[in-house]
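Presented below, as structure tokens, is a lone chain in the form predicted on its own.
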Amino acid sequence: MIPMDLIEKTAVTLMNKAAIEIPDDYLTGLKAAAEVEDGDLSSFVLQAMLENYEAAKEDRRAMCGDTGTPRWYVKMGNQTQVEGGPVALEAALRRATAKATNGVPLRPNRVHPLWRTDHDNNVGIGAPEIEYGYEPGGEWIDLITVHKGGLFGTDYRMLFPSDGIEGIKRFYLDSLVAFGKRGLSCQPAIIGIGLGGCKDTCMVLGKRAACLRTVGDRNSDPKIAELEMELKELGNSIGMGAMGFVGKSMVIDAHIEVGYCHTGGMQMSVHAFCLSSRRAVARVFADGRVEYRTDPQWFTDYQRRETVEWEVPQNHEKSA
């Protein structure tokens, strides 16, 4: 059984890491964009951000004044037991969020939608969001915190089967142009695209594609992986760069996740993670070990399964 005090202590550490330490995969992608960017203002922004990341890590301060909206993704092995059960787990994550808000510190962004009141700790009704996933085997729990930025960097449209791949590309480009022209998200960003599901699950797929996959990771379906690369190239060909200025560094990477949908439709959502790609991960074991990493490793073969029963692929690596 995994002790709750270890979970809470680990969660507080993760909140600190996510706010301050930019993941290596995103930093590498950002440096690659900076090397080819030739727009004056876009180049200036990219260089300023790279310098800011170094200063944040050195001074142990949040890399961006707007620290986004903290949320949690929790995945556990099938044999996992946590002290106090799921209610205690959620309470621990809420306490960790409140402690980090005042300790890192994080900007207390969470307010009531009508009264605009807040508790000065990023905790409230439905906040922080906690989403769950499970894996066959093992007794461990993955804690993933994402400080989601890009306040308006998301859009949704009901497409139809006849729209096809060209319709997907059109809506994708429409969304990026709107994000850039109206200042609706901080580019360059990891762009997540959700296809299929129902409207709510389509939005979830797109957000998870943006937040829970690393730069350079490709979908396990070769045709979808090819489309991801094409969308990345398309996104950087519209004449916009960092923060919407003239340039060619709009997209650090494009990730697609799909879900089976109604036969008459093809739902699509587009999400921008934002220039400060904030995520941190830890796997906590029952024996007290804690392993920190920056790759959420969320989209396993099991998460993308299509069959009624789980059929283990020959190349599937069982979780520890």
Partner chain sequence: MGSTAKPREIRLSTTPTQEELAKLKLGDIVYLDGLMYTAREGVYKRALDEKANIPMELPAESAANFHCSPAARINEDGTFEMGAVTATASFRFAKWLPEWLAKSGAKLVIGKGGMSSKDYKAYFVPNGAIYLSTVGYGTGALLGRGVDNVEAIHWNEELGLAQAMWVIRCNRMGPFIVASDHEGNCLFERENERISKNLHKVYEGTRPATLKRFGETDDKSEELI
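As the structure is a computational prediction, the values presented were derived from the model and not from experiment. Numbering follows the first chain given and starts at 1.
Omitted from view is the form predicted together with its partner chain, to which the following refers.
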Task: Segment assignment from 200-208, 159-167, 137-145, 77-85: heavy atom within 4.5 Å of its partner chain in the predicted complex - done: 159-167
Task: its partner chain contact at residue 220 in the predicted complex, heavy atom, 4.5 Å - done: no
- [ ] State yes or no: in the predicted complex, is some non-hydrogen atom of residue 240 no more than 4.5 angstroms from a non-hydrogen atom of its partner chain?
- [x] yes
Open item on the list: residue 47 versus its partner chain, in the predicted complex: is there a non-hydrogen atom within 4.5 Å?
Closed with: yes
- [ ] Consider residue 192 of the chain shown here, and say whether it contacts its partner chain in the predicted complex, taking contact as heavy atoms within 4.5 Å.
- [x] no
TODO: Only one of 252, 64, 281, 284 comes within 4.5 Å of its partner chain in the predicted complex by heavy atoms, so just point that one out.
DONE: 64
Task: its partner chain in the predicted complex - contacting residues of 20-53, heavy atom within 4.5 Å - done: 34, 35, 37, 38, 39, 40, 41, 43, 44, 45, 47, 48, 49, 51, 52
